[in-house]
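One chain is shown next in structure tokens, namely the form predicted on its own.
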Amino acid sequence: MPTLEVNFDGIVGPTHNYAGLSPGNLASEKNAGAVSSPKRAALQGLAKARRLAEMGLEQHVLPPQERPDIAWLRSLGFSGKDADVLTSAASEAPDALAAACSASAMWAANAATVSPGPDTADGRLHLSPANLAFNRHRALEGAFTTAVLRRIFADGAHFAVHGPLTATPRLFDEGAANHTRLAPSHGVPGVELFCFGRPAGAGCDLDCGVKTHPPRQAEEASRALARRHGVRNAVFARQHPRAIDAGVFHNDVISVGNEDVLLVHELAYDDTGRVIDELRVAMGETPLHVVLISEDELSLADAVGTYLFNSQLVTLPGAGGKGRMVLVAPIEVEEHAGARACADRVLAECDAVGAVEYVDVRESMRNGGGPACLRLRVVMTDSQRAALSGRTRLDDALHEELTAWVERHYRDELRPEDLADPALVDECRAALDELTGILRLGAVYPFQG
């Protein structure tokens, strides 16, 4: 039964803005308060997704969350009409208003952890939405993500969509951004690498070895996900504290893997050599091709600044042997001599990777998310893909409709003070109401009744 990797990209929401809400995400902090362009961000994301579809990859989309989250603001004690809630929040708790308007769900790599059927005990595809409890603005996402995934992956014979883990520090879960699957090919059993920054039993951030930025993913969460998914072959690795302090808040900022290829920085893990050895053993007879980038070749600062490792490493459908993969990298890599040299080294040393494709997702990059942040990887069989609900597969017709939808509904610019504009609520709801019709998802938003 043919099996391939499907990418579900998050559609950038109408409230995409630079509020600097994410500690440890250096780009987010640096650009806090800048003027954003929701329209440009959404179009860039759709263009990236379309480019992958043009390569022959199966590409899907996920809808944005409802923002501003008026219901959450009401739970904080703000009352009255929606306009009153926004005005009061802007005056009394502007940080809460910013959290309620965050469009960070665009980074679908954080939506869930996914274990495909070949890896699980019951043979089903398992998805666990992330609780994202580390950040207040992202902790708002879990309920809607769960509802949407259960709407799309509704067939219980093929899929198991779990609920998020309990939102406590010992179970902090940031989704697939800290999870990598390696295998001889997509359709056979593989090894799942779970990466964490907060070791089991750590009482505080200092116990994790960090000095500047707190770790996000908890070891106990990673192990719980592996158990509930019934993963039969798992490796657990701790992030290097130096990397976390340098702005590597997720493992997908410092490594990327696909099938039998792993591109990784030497400071990705607390003992990178040991982790690679464990992965090689777990891969069995299939050689693991590792391209190890040293600190001398690309510093942690430049790795974070260019997001080389937040590239997508994808297998072209029907391709085999030499040149079967493409590295989809942010244009910032092409513009940086050191990062570009590392990408060229991948081509020179790894026969499986035949090309580097550079894409422009600058609006997302300025908020700390590259090409890989924008997508959730889901390995699926033909029958599983046929069992999906809704109209989420991105073909030419859907891309054209979504582009026109963005052009109709999204603002060209959004300033911090615009988050308190009462008109923004109506604009966003009108856009999302139309979107659910386009994607044939039914009434998934609370305002739809």
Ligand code: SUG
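Because the structure is predicted, anything quoted here is derived from the model rather than measured. Numbers follow the displayed sequence, beginning with 1.
Just so you know, the form predicted in complex with the named molecule exists too; it's not on screen, but the next bit is about it.
With the named molecule left out of view, the stretch that reaches within 4.5 Å of it through heavy atoms in the model of the complex is, among 268 to 276, 80 to 88, 364 to 372, 255 to 263, 364 to 372. When the named molecule is considered in the model of the complex, Ser104 lines it closely, a heavy atom lying within 4.5 Å. Put simply, Ala177 is close to the named molecule in the model of the complex: some heavy atom of it is within 4.5 Å. Although the partner is absent here, Leu308 is not a contact residue: none of its heavy atoms lies within 4.5 angstroms of the named molecule in the model of the complex. Contact annotation: Arg198 falls outside 4.5 Å of the named molecule in the model of the complex, judged by heavy atom distances. For the options Asn110, Gln239, Ser128, Ser222, the residue carrying a heavy atom within 4.5 angstroms of the named molecule in the model of the complex is Asn110. Relative to the named molecule in the model of the complex, residues Ser22, Asn25 and His250 are all within 4.5 Å by at least one heavy atom.
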